[in-house]
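One chain follows as structure tokens, the form predicted alone.
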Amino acid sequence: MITLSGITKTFGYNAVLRGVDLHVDKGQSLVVIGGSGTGKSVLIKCIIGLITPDAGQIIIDGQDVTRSGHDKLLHRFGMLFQASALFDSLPVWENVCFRMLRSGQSRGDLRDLAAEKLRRVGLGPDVADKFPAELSGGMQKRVGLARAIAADPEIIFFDEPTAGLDPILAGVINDLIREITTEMGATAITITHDMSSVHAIADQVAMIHDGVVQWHGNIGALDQTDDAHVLQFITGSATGPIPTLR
């Protein structure tokens, strides 16, 4: 579904991506790990078209978007942002169906759709007319997930989906993500530092280090690898090839 070849991106003198090669099969869940500032978010922004890479090729479902652009594919994407990114001035149901508000569908039908997606993430119909400020952080994250799946996308991106959540809520969100993506048959790319999320969500894992893919393999091989960079990251060790002062 997604193939990256030689993706580079430099900001000023900072070479963030130095030649990323990556492949994600249709229906697979890939989790990208790596230290802070290693380019994980930049990589996702390149894939969805928010940032244009300096060089390389991005092919999504056979279409070279580095040449033709992303416009024809945007309706196939969904995204859960790190801080949920809800619109404070809109009620929850309008947040969930935001991308469809100008589609010509009746507001009543869209509100019903929102209520169904909220139900799918474990929120009752009473939440639909509340405003984001009236919700807890965990509920806001669920609303963000409901928005990400509202249009039944084929490809979903998750940016630090459990950031700021306690371990119990993080586990709930991880389970929801896995359930929903499997149910929808969606291709998913997640970036996270949370190793519990990695084990709960991933089919495949890729580690970004120094602007390239340091390691890529099945989730089952992650704990068996002898790659020193991966081992240091997944164990949280201060000793290893990754500098602790960055």
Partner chain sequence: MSTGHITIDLDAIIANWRALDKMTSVETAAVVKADGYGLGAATVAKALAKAGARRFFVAVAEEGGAVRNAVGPGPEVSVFAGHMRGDTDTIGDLGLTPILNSLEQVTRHFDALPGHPFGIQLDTGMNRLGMEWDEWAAVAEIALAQRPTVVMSHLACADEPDHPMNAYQLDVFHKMTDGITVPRSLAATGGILLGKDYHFDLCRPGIGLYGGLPFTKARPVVQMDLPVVQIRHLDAGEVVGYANSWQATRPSRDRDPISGLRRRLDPVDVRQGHAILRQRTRATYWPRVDGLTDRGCDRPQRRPACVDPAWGSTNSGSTGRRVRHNWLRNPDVTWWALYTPDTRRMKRLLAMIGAATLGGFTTVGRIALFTASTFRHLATQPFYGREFGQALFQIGFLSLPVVGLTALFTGGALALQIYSGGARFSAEAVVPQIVAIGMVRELGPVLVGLMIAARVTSSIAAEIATMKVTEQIDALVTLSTHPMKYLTVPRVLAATLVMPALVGVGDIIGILGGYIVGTERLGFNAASYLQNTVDFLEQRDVISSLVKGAVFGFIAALMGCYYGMAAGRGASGVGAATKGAVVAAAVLILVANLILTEAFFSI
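None of these values were measured; they are calculated from a predicted model. Positions refer to the first chain, counted from 1.
What follows is about the form predicted in complex with its partner chain, which we do not show.
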Quiz item: Can you pick the one in Ile156, Leu86, Leu118, Ile173 that has a heavy atom within 4.5 Å of its partner chain in the model of the complex?
Solution: Leu86
Quiz item: Quick one: is Lys141 in contact with its partner chain in the model of the complex, heavy atoms, 4.5 Å cut-off?
Solution: no
Quiz item: Does its partner chain get within 4.5 angstroms of any non-hydrogen atom of Arg111 in the model of the complex?
Solution: no
Quiz item: With a 4.5 Å heavy atom cut-off, would you call His209 a contact of its partner chain in the model of the complex?
Solution: no
Quiz item: Taking the shortest heavy atom distance, is Lys130 within 4.5 Å of its partner chain in the model of the complex?
Solution: no
Practice problem: Considering its partner chain in the model of the complex, find the one stretch among 70-78, 133-141, 118-126, 163-171 with heavy atoms no farther than 4.5 Å from it. | Solution: 70-78
Practice problem: Any residue of 91-112 with a heavy atom within 4.5 Å of its partner chain in the model of the complex counts; write them all down in order. | Solution: Glu94, Phe98, Arg99, Arg102, Arg107
